[in-house]
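To begin, one chain is listed below as structure tokens, in the form predicted alone.
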């Protein structure tokens, strides 16, 4: 049998048919065009889902379950209580999908949790039961899997690791607190740190690199570092320490089998991952334990969300 996985994003809606080996058989997508009504958005979700099923050469009778990952907070009844970038408040997502797709087994989860599930079962996790996925993007997204199950917490808002504080009274975070890991380890934070270093170092090669690219990006400091630029080296070294601090906290708190790190910054590969692994190895509390948490690069990229959404039926029913 097959499942449908849906990734409802602020930019695009992606629907994919996934087989029992966690492989994408066919997919379809359309722009989200938010903000607009939930009715219109869910009509498009249904349309691309039917399109994906048709591309796969299947019918809805072949679909065992449907799962969807969405930004925001989703309760146990499948209601999206709040998703600010979609302007959703108390949207009955599960029922809306049942009505449109005619499938009774429908599951809704936070998108970061779906991505974690996808990596745990079909990506670098290789079926790991205790697993954390961290995404370094506009913010720091995360999903926590314990004993094969998503950690939702009492109010279904669990696993928001990006909002643990690593610097008391530190940088302002968009969540309202100060000093959150997200305010130091996100791609947004890295760009801010790069710009600050450029202001302090007018002779830095980062100015030339930013002019060539037309903007300051998450690559600017890393590219400057590779050219031997002292200011770029300092930015990268400090940024890696910030990322490592949060990872070490997660290791000490959860001791998962694997933590995978994703997001565009991970395109830096070993330049990022090797120092992170060294920091975690040196500073973890469990330094003398024979079994240690592995820190690895995420594998599935943009497919993690739809694959994880498709797996929701298996995880929720087991």
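Note that the coordinates shown come from a computational prediction; the quantities given were computed from them, not determined experimentally. Residue numbers count along the first chain shown, from 1.
The next section is about a form of this same protein that is not shown, the form predicted together with a further copy of the same chain.
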(message) Taking a further copy of the same chain as it sits in the model of the complex, is residue 211 near enough to touch it, meaning that at least one heavy atom pair lies within 4.5 angstroms?
(response) no
(request) Classify residue 228 as contacting or not contacting a further copy of the same chain in the model of the complex by the rule of any non-hydrogen atom within 4.5 angstroms, answering yes or no. (result) no
(request) Using a 4.5 Å heavy atom cut-off, state whether residue 160 contacts a further copy of the same chain in the model of the complex. (result) yes
(message) Does any part of residue 249 reach within 4.5 Å of a further copy of the same chain in the model of the complex? Heavy atoms only, please.
(response) yes
(request) Can you check 151-159, 190-198, 97-105, 220-228 and let me know which stretch has heavy atoms within 4.5 Å of a further copy of the same chain in the model of the complex? (result) 151-159
(message) a further copy of the same chain is absent from this chain, but in the model of the complex, do 20, 86 and 298 each have a non-hydrogen atom within 4.5 Å of it?
(response) no
(request) Sort through 267, 286, 39, 33 and report the residue having a heavy atom within 4.5 Å of a further copy of the same chain in the model of the complex. (result) 286
(request) Work out which of 205, 122, 166, 240 lies within 4.5 Å of a further copy of the same chain in the model of the complex, going by heavy atoms. (result) 166
(message) Residue by residue through 51-84, which ones have a non-hydrogen atom no more than 4.5 angstroms from a further copy of the same chain in the model of the complex?
(response) 81, 82
